[in-house]
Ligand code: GDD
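Next up: a single chain in structure tokens, the form predicted alone.
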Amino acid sequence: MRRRGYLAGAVGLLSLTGLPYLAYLGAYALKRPHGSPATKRPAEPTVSVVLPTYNEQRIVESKLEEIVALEYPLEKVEVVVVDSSDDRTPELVEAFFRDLQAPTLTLICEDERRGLAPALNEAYAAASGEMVVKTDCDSRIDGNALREAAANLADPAVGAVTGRNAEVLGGSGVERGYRDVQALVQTLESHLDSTLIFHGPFCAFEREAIVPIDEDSIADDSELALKIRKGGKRAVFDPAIEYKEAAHSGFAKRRKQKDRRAMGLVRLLWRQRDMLGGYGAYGRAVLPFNWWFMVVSPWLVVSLCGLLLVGGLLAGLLPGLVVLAGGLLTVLLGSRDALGPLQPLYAVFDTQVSLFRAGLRLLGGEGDGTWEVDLELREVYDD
């Protein structure tokens, strides 16, 4: 009887966990969203490209070369670099721009490392362009990204736009699977109203819509997009804006990269919980789904795994070991991108693990605004 109770509990938890996802799938099937919801039109506003740097001497020059090669009139572009390095990064930046007439450079050198959010607030305040683009040094953006972003912001209802990871550098199938699922979700959210998650490799904002972000934010891009939506303008996802970013597949290595991002998003949802139920479909559909996915669902998934293991052990030592071995084998194969058509499901599970760990760490008082350089991933950008 006890075993049947655990089995029934597991089935119930699985059903409960999956219901909101099925609802989103149904909404996607009914709405069939495609591309950006913005009324796009050609535009060439002045642009400020904000680039935060910390010990990027290995890759900063290649990033700057990418920026000056973008398909956009360089006389309309300024680059705002905000730097907190203790290596040669600022010197390399100054040397790169020394003989360039365009784009212009604004270099902000911080006396001490305060965290990304304060640095971005200072850079945004210094930006003079009508469109402000934030990008990360450890990413690559497509040549037409500025034009696509400007076309979105030409819609007076849109105040922010982000793009999609078109290629996962390093070949992580786990990240590729998650990003493919995420792109579908963000396309639907944007057509319903606005999307929550904005991506560090590329996001663009109307300068007049920018407001300060929390000094301890660890979800800076998403927080700014959310506050822009709170101010009345939409924050949308456009898959035509493409970027590349490196990622790990290994389970342990992904925790370092993904847990911090998860912590930032969970804390952002909590701090902005007053938006639930308001702001059109954003507060009535988009935010509730993200609350479920990021806050509630991870605990249900971990509970489900625990129920399955306990149920197996109650059936006997051998069934319990089979359940445990099956779980470990799934993680092993998934982290090696070897689950075939099940890889996207594993990618979602992997994200739920990070979100669960993020919740625990936040409850433990962790979460500052600084970040560590992943030297292994930096090697991808050396080529």
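Predicted model only: the values in this text are computed from it and were never measured. In case it trips you up, residue 1 is the first one in the sequence shown, and so on.
One more form of this protein, predicted in complex with the ligand, exists but is not displayed; see below.
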| property | result |
| --- | --- |
| Site status for the ligand placed as in the model of the complex, C-alpha superposition, 2.4 Å backbone or C-beta test | open |
| Region of this chain that lies against the ligand in the model of the complex, out of 78-86, 267-275, 162-170, 303-311 [heavy atom, 4.5 Å] | 78-86 |
| Non-hydrogen atom within 4.5 angstroms of the ligand in the model of the complex for each of C137, D221 and Q257 | yes |
| R113 within 4.5 Å of the ligand in the model of the complex, heavy atoms | yes |
| Close approach of E245 to the ligand in the model of the complex, 4.5 Å, heavy atom | yes |
| Partner contact for F349 in the model of the complex: the ligand, 4.5 angstroms, heavy atom | no |
| Any non-hydrogen atom of R207 within 4.5 angstroms of the ligand in the model of the complex | no |
| Candidate from S335, S354, S36, T53 lying within 4.5 Å of the ligand in the model of the complex - any heavy atom | T53 |
| Contact residue in the model of the complex, chosen from P212, P239, P90, G200 - any heavy atom within 4.5 Å of the ligand | G200 |
